[in-house]
Every structure is written in structure tokens, then in C-alpha cells.
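Just the one chain here, the form predicted on its own, laid out as C-alpha cells.
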Amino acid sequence: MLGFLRKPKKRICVIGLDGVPYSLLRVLAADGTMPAMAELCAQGHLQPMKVTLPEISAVSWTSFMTGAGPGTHGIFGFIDLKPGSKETRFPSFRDVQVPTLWDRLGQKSKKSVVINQPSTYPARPIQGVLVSGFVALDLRKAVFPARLLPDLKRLNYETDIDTQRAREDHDYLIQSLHSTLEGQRSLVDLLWDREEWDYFQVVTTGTDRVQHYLWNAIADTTHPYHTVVRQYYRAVDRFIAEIVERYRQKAGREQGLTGLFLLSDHGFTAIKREFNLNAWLRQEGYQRLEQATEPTLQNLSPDSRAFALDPSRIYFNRKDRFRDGCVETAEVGNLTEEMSSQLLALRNEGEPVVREVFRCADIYSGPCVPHGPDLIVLTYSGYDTKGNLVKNDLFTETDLQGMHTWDDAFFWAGESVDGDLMITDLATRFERFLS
């Protein structure tokens, strides 16, 4: 008799669509391209969401999975500086300084299944299953527990497409988008009932890829790839529909869709030009490269006062941070004001380029703040900021069609969220739901 009185087990299912903007999702749901998403919008609440800066997946997904910003979790970009030097390194999952959502759930004896989560390579133990997403260089190191590796090989599972090839070969891009999505579908099918879980998450990164390389094809009906790009979004929508139906059956009538959530890690928009931040620093006299040397951060002239890292981070060459630094601590305030003013005044063909310049201390908090940049440059839509040291022109063409945006990510839930929503808010919300 007591078994009939026991409350149904609460479960959460999260679907991540990498880079899909709120504004685009509304269009695709309304015009019939994504009918399952349209049905969810009618049943629940779709809203825009801001992400942490810079607005790139390495930072955003880490902020999502920890519920903290870069000043706390310690990831500031796809590349970062070795402490005390201008040598760069590629931070990995080992460099995340705080526990993830799944770590905290595991401490409460909750089990998680996490598929294709970016910025979790190499995979580390969690209470459950973790399959790393990009940048996962070796499938053998992308899986926990290791017993899953034969299953992944049998399914021909791939964590990502060959992005360099896809950049030039759009036929390959479309084919690979579908094959990687099919691999995720097969893995969900395998793990959904085989593993006992409280939290289940799958992230599709193909949406980010198609938007980088074929953004213009989404709306342009005359574009040669318009139809196949729309077909890919329909395939993603069918994937969503399948998971939603599985979740309905798993969660039961009483819970309904209250534990289902969808989100993206940043927005997207069309690119007008790349804005080369190091070229701007040189033009304004803040940076000088040594003559007849390879253009690297190590070969900056000793009197260079600043340098930039992708995508939008400015570091002052501070004496209290770098062995060869030339900027005194007392100069930082004036340098910040001067540089911010000049960036905000910058125009390209009469239109403003920089929307806002943030000081690290104003947008980050936590023990990792001293390791972050001094300034973050947020541009207007269309200007994709780059830290390339080789290019000398401020504005250059690119073969990419789409770029990330800060405040047009999306979040869908069965219940609305009051006020502005940040990606760092979600982990606590999910933990509370399962408590």
C-alpha cells in the first residue's frame, strides 16, 4: 500500500542547441520549420537569455554547468595565458576551478547522463555517464565510464564535425551535420532506459556549425543551400520531439513537462566584417611588434602597453603581472578610460563598431579575476572581434557568415522566469528542482 503513496521520482531533461538565438528560434517555430518547438512554445515559455562574456562556447557552457562566471570557474576563452607569461595554452575540463552541476547532484546521490557537453574534455568521473563534446580530441578520453567506449565505436559516434573541411566544403558540412545528429540520437536511444538517471542532458553543436558557415542560407530563399539548411533544422526539431515524447513517458502524467528545459549558450547574427583588435591597438600606439620577427605575443616590443586575445579580451602589459611588463598599477585607471573612450568612438563607414567596454572587475567576481583580461570589448552585431596578431587592417572580410551574440540566447521552460535571465542562473534552478 505504501508503494502506491510514494511520490513519482523527479527527473530533469535538458536539451542544448548550441548557438541558436532566441530571435531565430521564434521564426523557425512560427513558420513551420520546427513544429515540435512551436508546440513547446504554446505549452510553455520561451524567453531570451544573456550569457557570460566573452560570448563563446568555452565560457558560456562552463558558466552553465557550474552556475558561476569566469571569475569563479576560471575559463576566460578557448585559449588563455600561462600564469605570469604571455605564452598561451588551451584550458581543458581539468582547469575548471569549481564543481559542476553534475558533481553537486552526485553528492546528493543523484545520477546524471550528459551527452556531447562542450568544454568537458577530457571526461572526468561523475555519478553517472559523461560523453564530452568539442573540443574532444580523442574519443577514448572523452567518455566516462570507459565501459561505454565499445558502444560509441559501434554507433560510429562522433563528437563534432571536421570544422576546417566544413568551412570550405558545404556539401560535406550538411552530410556531417546529419550523421553527427544521428549518432546523438542513437546514443540517447541506448542510454535513456539502460542507465538509471535523475538528470539527462544532450547538446547538439551542429546548429552552431551551420550558422557559422551558412547563416545567410537560413532566410534567403534563393540561396543554393536554403532548402538543405532548413531540412537540418527540421531534423533537429524531430530530435527534440523524440526526446520530449520519451520524457513524457518517463516523467509521468503528474510531472508533465515541468522538468524539461531547452537552452542555447549564446545568440547568433550575420557578420559584416571582422574587427582586428590587435591591429587597432597598434594603430592607436598601444602596441608595437619587434621588427623582423614572427608576430607572437612573446615578440611584442617591451614598450607595448596592451595586447588582445580572441575573441575580445584586452590585457594591459602590467608590471605586476608580466615579467616584461611596462604598465604601472597607477596607470591602469587612466589607460582604461582612454582606451574605452577611443573604442566607443570608433566608426566603420560611419557606423559605430563598439557597443560597450567592460572592466574585468565590473563583470566578474571570484578568486580567478586576477587571471582574467583587463577589458572585454562588446561590439555591435555584425562586427566579429578577433585577436589575430598578423592582420594589420582594422576591418577584414571573412569566409564565415555568422557570429556569436551576447544577449540573444534562449531558454525554454514549462514555467516563466521573472526578470532578466542569465545562463549562470540555471544550475541552481535545476538543483532546486531535484532537491
Partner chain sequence: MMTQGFTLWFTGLSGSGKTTLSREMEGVLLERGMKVELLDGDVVRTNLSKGLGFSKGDRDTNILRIGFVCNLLTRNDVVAIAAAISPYEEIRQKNRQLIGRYVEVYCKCPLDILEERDVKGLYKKARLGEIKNFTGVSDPYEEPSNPEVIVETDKETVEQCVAKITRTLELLGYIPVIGNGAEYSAEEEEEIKRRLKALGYI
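Residue numbers count along the first chain shown, from 1. As the structure is a prediction and not an experimental result, all values here were calculated from the model.
From this point on, the text means the form predicted together with the partner chain, which you will not see here.
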{"query": "Answer range among 91-99, 67-75, 324-332, 178-186 for contact with the partner chain, defined in the predicted bound form as heavy atoms within 4.5 Å", "finding": "91-99"}
{"query": "Interface membership of Q283, the partner chain in the predicted bound form, 4.5 Å heavy atom rule", "finding": "no"}
{"query": "Partner proximity in the predicted bound form: D162 to the partner chain, non-hydrogen atom cutoff 4.5 Å", "finding": "yes"}
{"query": "Contact test in the predicted bound form: P145 vs the partner chain, heavy atoms, 4.5 Å", "finding": "yes"}
{"query": "4.5 Å heavy atom contact, F134 to the partner chain in the predicted bound form", "finding": "yes"}
{"query": "Heavy atom within 4.5 Å of the partner chain in the predicted bound form - the one residue of K141, R246, R288, R104 that qualifies", "finding": "K141"}
{"query": "Heavy atom within 4.5 Å of the partner chain in the predicted bound form - the one residue of Y121, W197, Y233, W215 that qualifies", "finding": "Y121"}
{"query": "Heavy atom of each of P125, R167 and R209 within 4.5 Å of the partner chain in the predicted bound form", "finding": "yes"}
{"query": "Partner contacts in the predicted bound form for 307-334 (non-hydrogen atom within 4.5 angstroms of the partner chain)", "finding": "D310"}
